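Take a look at this one chain, the form predicted on its own, written out in structure tokens.
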Amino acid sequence: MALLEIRNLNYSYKDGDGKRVIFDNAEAEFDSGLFYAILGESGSGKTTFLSVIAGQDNRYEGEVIFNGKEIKSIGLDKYRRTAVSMIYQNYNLINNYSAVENIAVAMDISENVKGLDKGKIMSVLEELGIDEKKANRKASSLSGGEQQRVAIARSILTDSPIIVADEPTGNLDSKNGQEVIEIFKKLAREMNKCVIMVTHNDKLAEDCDFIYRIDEQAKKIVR
């Protein structure tokens, strides 16, 4: 059994007098220790798919199964606090908080973390190239690449088995973007995380273990 299974996913919404279908009985599966890319054109449903598997959108039919249980039966709030961590293109940090404070807030919310260990936060940040001086600066004063590393550290320290990244290199130059990809590969292969990245960049996707493409015409997810 895969860690995360998508079965008979149907998703549509009202569009004027008609209905727009995004997915029609789409299926996919994801497992620990692997790095996945989700490719698709703009408007194909990539963001919708991420929102569904991250437990942020319950307007779907079909099943999203985590560890053998449909996520709605787990409770979407609990699923988000325990199973999945999001990394966004725009980093989603609190600008007036330091890197350490941003991570501490997320750890406090997560049900996977027992107690706040600042030493552990610093250790992970330093491993990702954020020294103590930068770690205590406001997030808004850090470069884009540094902010994305803070966001990745936050995902590591909340200890979620699934890390979902939405165009995580979109605001980065090619060097920083490739460094982020290398971090994701390490998270999957050395920390046994299931890393799922949405991207429109075919070249970046080549570094992943598996590539899924959203077939906009068929409304399916294909490999």
Partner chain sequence: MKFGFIEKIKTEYRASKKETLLIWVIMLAVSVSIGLSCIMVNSQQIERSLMKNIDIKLEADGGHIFDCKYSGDMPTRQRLLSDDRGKQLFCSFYRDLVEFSKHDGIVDYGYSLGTDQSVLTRNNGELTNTNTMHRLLGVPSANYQTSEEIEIIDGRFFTEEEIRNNALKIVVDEALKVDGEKINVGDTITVTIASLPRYYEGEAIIYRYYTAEAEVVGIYKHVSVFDYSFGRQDAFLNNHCILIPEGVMEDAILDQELLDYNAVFINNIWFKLENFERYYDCNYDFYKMISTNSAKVFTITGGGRNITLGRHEEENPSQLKVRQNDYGVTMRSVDKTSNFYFIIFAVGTVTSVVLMAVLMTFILNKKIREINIYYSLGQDKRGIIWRYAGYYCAVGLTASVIGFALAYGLSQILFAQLVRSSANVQAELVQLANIKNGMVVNELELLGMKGSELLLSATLSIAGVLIIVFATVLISLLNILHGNMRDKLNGG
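Residue numbers count along the first chain shown, from 1. A quick note: this is a predicted structure, and the numbers were derived from the prediction, not measured.
This protein has a second form, the form predicted together with the partner chain, left out of what is shown; the following refers to that one.
In short, of 65 to 73, 24 to 32, 52 to 60, 178 to 186 it is 52 to 60 that has heavy atoms within 4.5 Å of the partner chain in the predicted bound form. Relative to the partner chain in the predicted bound form, residues N192, D209 and R223 are all farther than 4.5 Å at every heavy atom. N92 belongs to the set of residues with a heavy atom inside 4.5 Å of the partner chain in the predicted bound form. The partner chain is not drawn, but in the predicted bound form it has a heavy atom within 4.5 Å of R80.
The partner chain is not shown here, and in the predicted bound form it never comes within 4.5 Å of any heavy atom of E126. Remark: E132 does not count among the residues lining the partner chain in the predicted bound form, judged by a heavy atom distance of 4.5 Å or less.
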